[in-house]
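Same protein, same chain, two forms; see structure 1 and structure 2 below, as structure tokens.
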Structure 1
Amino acid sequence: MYWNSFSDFLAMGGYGFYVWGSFGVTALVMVLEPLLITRRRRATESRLTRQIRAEARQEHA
């Protein structure tokens, strides 16, 4: 264990900005990417369901 306090851990021996800048952006990307895919999935599902329902209605009409 090299950090005697949480603030010391944040300071990261003076390199805090660079270390947390790197890890932060990486974490951000790893959160945003799955979110965007899920959003795209929901949009595709609702769009396709609407299309199928429209086609079904067309066949009956």
Structure 2
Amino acid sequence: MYWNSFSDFLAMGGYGFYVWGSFGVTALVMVLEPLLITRRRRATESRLTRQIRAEARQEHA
């Protein structure tokens, strides 16, 4: 496709909001997903460590 101006490019033939919104949501998900996975992993590791320590204390008591 050819556009006469940058604003025509951004408008994408009337579908600009959908096109750029889709790109924005995709970029946001691609940034957030690794961060959320890392956060969940740390929380799970922490919870398992506490659980293992609690079980070890019960065995020695």
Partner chain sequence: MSMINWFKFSAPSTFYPLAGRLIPVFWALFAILALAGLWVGFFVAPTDFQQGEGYRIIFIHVGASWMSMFTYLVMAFWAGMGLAFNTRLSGMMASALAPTGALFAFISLWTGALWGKPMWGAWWVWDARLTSELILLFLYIGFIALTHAIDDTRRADKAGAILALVGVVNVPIIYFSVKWWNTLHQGASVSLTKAPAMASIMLWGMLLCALAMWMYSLAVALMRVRVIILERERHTDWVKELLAKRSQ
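Bear in mind that the values here come from a model prediction, so they are computed numbers and not experimental data. Rigid core: the largest C-alpha set superposing within 1.5 Å between the two forms. When a residue number appears, read it as a position in the sequence of structure 1, where counting begins at 1.
- Structures 1 and 2, same chain in two forms; the form predicted together with the partner chain is found in structure 1.
- Core-superposed comparison between structures 1 and 2: the C-alpha position of G24 differs by less than 2 Å.
- Core superposition places the Cα of D8 8.9 Å apart between structures 1 and 2.
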